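Next up: a single chain in structure tokens, the form predicted on its own.
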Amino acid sequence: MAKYLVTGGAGFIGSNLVEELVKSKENSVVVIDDLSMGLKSNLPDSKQVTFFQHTITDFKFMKTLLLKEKFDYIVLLAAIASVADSVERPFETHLVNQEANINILETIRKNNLPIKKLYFASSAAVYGDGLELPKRESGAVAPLTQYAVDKFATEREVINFGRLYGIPTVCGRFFNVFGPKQNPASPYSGVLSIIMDKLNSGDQFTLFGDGSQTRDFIYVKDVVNAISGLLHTPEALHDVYNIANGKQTSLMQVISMLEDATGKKLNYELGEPRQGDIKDSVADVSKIEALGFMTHTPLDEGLASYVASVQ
């Protein structure tokens, strides 16, 4: 039987991961989430899941939990995930996105907790607006916001704690994830869920920029497969991997695909580009593909499944 800790587990990606984990009756999952972005209703109704509504910045609580439960696998997803919010609240963002995760690592180190693997969710934001495309893990980083700075710094901490102290660790850089359970009401939400919400309501959507900006959109089920694969693949150790589709799609293209999938037209206005927003992004996914477990749902198929989940 494997015991998992998932921080941020009631959020979009976390709850999809928990849903997958409990498919095996051998697994038990402890979820920590302060519900600032997640919803308890996202979690499966299962005796295998134990939920704590709590912040990971409560160092004493987290230390006590880690010492008591002795987890096999730890998945660090909890974050203040809004780039815009990190610009407005840099210190509060830093406490959640870096300090709280270092506290978990330090608790593991000091107490020699025998975990099988710790996974940290980093972000494509670490690459910044560099001209090199596709983005490679070995390429330059240029974090433009506090969010991106914290993600990169924590990623390095996770890898270095692993190497220095013999803790099995691995990191993944998420690109633009979409799919069921993404909360459009949240100011931290991904752009596709906000567009879907506006398509369904008929309300106006503000498109920051001209829509030519490109992203690498990846369906959440592929992300869940990637996290699970990195956790359970021994050679994925003390390293970072892009988690993406490897395809470049403009925002206007994806709006058109969503309009086709829903049979509705998006009511939108153009706004000025936002501070910290990146113009173009696409991943090189050859590194994670070499491990043999990565899946890539075609964008049109993923969008169709997503539309079906919210209509």
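Each residue number is its position in the shown sequence, starting from 1. Since the model is a prediction, treat every value here as computed from it, not as a measurement.
Another form, the form predicted in complex with a small molecule, is not on view; read the next lines as being about it.
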Please pick out the stretch from 232-240, 154-162, 103-111, 204-212 that is in contact with the small molecule in the predicted complex, where contact means heavy atoms within 4.5 Å.
204-212
Which residue, L199, I167, A125, A226, has a heavy atom that falls within 4.5 Å of the small molecule in the predicted complex?
A125
Identify which of V191, V141, I115, L144 has a heavy atom within 4.5 Å of the small molecule in the predicted complex; exactly one of them does.
V191
Within 4.5 Å of the small molecule in the predicted complex - does that hold for a heavy atom of every one of V18, Y219 and M294?
no
4.5 Å heavy atom contact, E259 to the small molecule in the predicted complex:
no
Does at least one non-hydrogen atom of D277 fall within 4.5 angstroms of the small molecule in the predicted complex?
yes
Classify V149 as contacting or not contacting the small molecule in the predicted complex by the rule of any non-hydrogen atom within 4.5 angstroms, answering yes or no.
no
Quick one: is C171 in contact with the small molecule in the predicted complex, heavy atoms, 4.5 Å cut-off?
no
